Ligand SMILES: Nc1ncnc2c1ncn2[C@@H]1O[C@H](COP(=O)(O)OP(=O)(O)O)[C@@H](O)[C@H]1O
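In the block that follows, a single chain appears as structure tokens, in the form predicted on its own.
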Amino acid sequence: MSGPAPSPARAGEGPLLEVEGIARTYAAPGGAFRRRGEAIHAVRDVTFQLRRGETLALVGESGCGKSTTARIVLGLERPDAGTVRFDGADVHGLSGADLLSFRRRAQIVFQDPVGSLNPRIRVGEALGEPLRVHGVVPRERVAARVAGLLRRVGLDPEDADRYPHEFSGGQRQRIGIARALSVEPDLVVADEPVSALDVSVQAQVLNLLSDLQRDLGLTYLFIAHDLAVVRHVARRVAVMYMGRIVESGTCEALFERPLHPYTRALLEAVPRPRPGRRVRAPVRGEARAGAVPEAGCPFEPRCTHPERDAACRATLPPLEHKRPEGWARCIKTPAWRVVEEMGPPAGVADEPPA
């Protein structure tokens, strides 16, 4: 099979990444709250496309399947069903030189900048290793390339001789970004890249990612649970709940008029301290990660939709086209009528003008 050979991102080409119907189920090891061997449905029927040069955000609470989806996309885990195509090639059918080429073109920035760096090796060695493995530059130019990468992410070239523990959290994440950039990738999976950082540092890292995308034409799959972060980095958003995508669409439309009750609950949970703000009741209960009801909508036990009824408990909603570039998995949101009646989420679309 012919694998993905390096090629520049050009407007008008097909999607860089195509994910179709992927699913992944694990067997629970057993414990206080689970029977041994109980099926945990981490990902179920997830489908999306990612065009060159854009950012798609996968959002949802912990345990909804975001990181499992990312690992499947990168070929680190094999799905039980479905396909992942990168530049037209089946990721899970690659081997040899084709697989090595894919590894170079698809990189990841991890959530934990401490755990993602080897504390026993210097930063220069950590950045130089992928250059040597993939033969990006001749060996005599590796040091110069490492210095350039450090400058690119806002660090000093002399930092190459330091160990990870000598840096702050934000600086370590910049090193992780430099390592991902070192092999000139097309796709970068950013798995909660700022959730472990101080709020004061998050904006700096997000601005760096935006600048790199603009300058290098990168494509991002951005995983997050913080919708306030997603609003500033993504063009499109896919909301996941209990392994399924329950809503997807443009960032602007999703924030202005969410179609699914779960999306609405996430938006209303965004903390916005403001005197006199009207706060609606939060979503009730908790999701049991990976546990799927035998029938009906998985979100029904926690749903606050005004038209929720017995049909929601009996029917698994399909992901339906509800508006231009907008899909939702809710049988009680058939058209614009219900969305308009519900109004905008509190504290999101009703922001006062600056």
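Quantities reported herein were computed from a predicted structural model and do not represent experimental measurements. The numbering used is simple: start at 1 and walk along the sequence shown.
Below: the form predicted in complex with this ligand, not depicted.
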Quiz item: Of the options G63, P298, G326, P317, which one has a non-hydrogen atom that comes within 4.5 Å of this ligand in the predicted complex?
Solution: G63
Practice problem: Tell me, please, which stretch of 318-326, 63-71, 298-306, 44-52 lies within 4.5 angstroms of this ligand in the predicted complex when heavy atoms are compared? | Solution: 63-71
Quiz item: Is A310 close enough to this ligand in the predicted complex to count, meaning some heavy atom within 4.5 Å?
Solution: no
Quiz item: With a 4.5 Å heavy atom cut-off, would you call I40 a contact of this ligand in the predicted complex?
Solution: yes
